[in-house]
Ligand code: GDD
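So this first bit is one chain, no partners, the form predicted on its own, shown in structure tokens.
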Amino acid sequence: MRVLVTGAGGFVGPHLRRALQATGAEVFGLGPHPIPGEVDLLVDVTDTKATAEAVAKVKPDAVVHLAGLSSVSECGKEPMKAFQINSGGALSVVQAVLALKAPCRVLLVSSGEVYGAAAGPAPIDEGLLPDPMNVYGATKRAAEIIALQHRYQGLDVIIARPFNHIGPGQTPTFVLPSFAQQVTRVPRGGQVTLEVGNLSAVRDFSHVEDIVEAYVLLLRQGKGGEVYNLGSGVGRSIESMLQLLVARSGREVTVKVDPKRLRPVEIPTLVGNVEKLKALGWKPTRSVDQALSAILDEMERRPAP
């Protein structure tokens, strides 16, 4: 199988590449920045012509569309840019695939954030009507609609809605790598004041390696036109995740709320029901503890900013 992965140089891309290669797939990474071993085709998905040319060159059997602006806060600061990349990029990709006029499955990676205000305290399933509360969620919902609309032109597409996933390679623009970066600025045994946002929010955290294995499974066994939640099905507060991280860090930590880190709109609880995915034979095999340890180890090795 020839698989084209957009956003190949981001957090998830390298993990997905390895998971696909382990199955014998030939993987081609597409991205806007040169990253040896990860990005094979230097293309920005907002460039419709360049995207079409890249897809035509690779002639993939499948495309995993990861490319996008994935930070909720960054999307909120630059909504026009967010829609151009997250929604416009999806349009470029699906149109390029249709232009192939050959069988090619598209796995569009959306987000659990699309559920927004519709989410409640219990795990939510795919039948819940999305009601995004932030720009990021809105751009991802728009991308879903674009992709699903192209089914009527013959596109074989599956929508993946992953919830929070963590592991090595994630940048400090995300909450747990941000905590880890702050904690590791002082040696083990030292004391550090940690600047935080809202710690009461409850999220569904998974190890990134479990999530990419789900992507591989969906490419092979997912039903076209369907939506699948990807997550652990377990809700954990940001505070509880911070406590786990601090316990592994070997530092004394004082927590200080930074108003700049508080989101103007916050989904209180966002946890996915993943029984539909499990029915295909998937199950998580890695713990969030392992992911947190990997994040800390990576930050320990990085030079101080």
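One rule holds for the numbers: they count along the sequence shown, beginning at 1. The shown structure was predicted, so the numbers you read here are calculated from the model rather than taken from an experiment.
The form predicted in complex with this ligand exists for this protein as well; it is not shown, and the discussion that follows is about that form.
Residues with any non-hydrogen atom within 4.5 angstroms of this ligand in the predicted complex fall in just one of 46-54, 30-38, 265-273, 247-255: 265-273. By the criterion of a heavy atom within 4.5 Å, Val175 is counted among the residues contacting this ligand in the predicted complex. With a 4.5 Å cutoff on heavy atoms, Arg261 counts as touching this ligand in the predicted complex.
Shown alone here, Gly231 lies farther than 4.5 Å from this ligand in the predicted complex, counting heavy atoms only.
Shown alone here, His150 lies farther than 4.5 Å from this ligand in the predicted complex, counting heavy atoms only.
Of the residues Gly88, Gly197, Gly235, Pro132, just one reaches this ligand in the predicted complex with a heavy atom at 4.5 Å or closer; this is Gly197. Distance criterion of 4.5 Å from any heavy atom to this ligand in the predicted complex singles out Gln170 from the list Ser92, Thr184, Gln170, Ser206.
The partner is not shown here, but in the predicted complex the stretch 143-167 reaches within 4.5 angstroms of this ligand through a heavy atom at Pro162, Phe163, Asn164.
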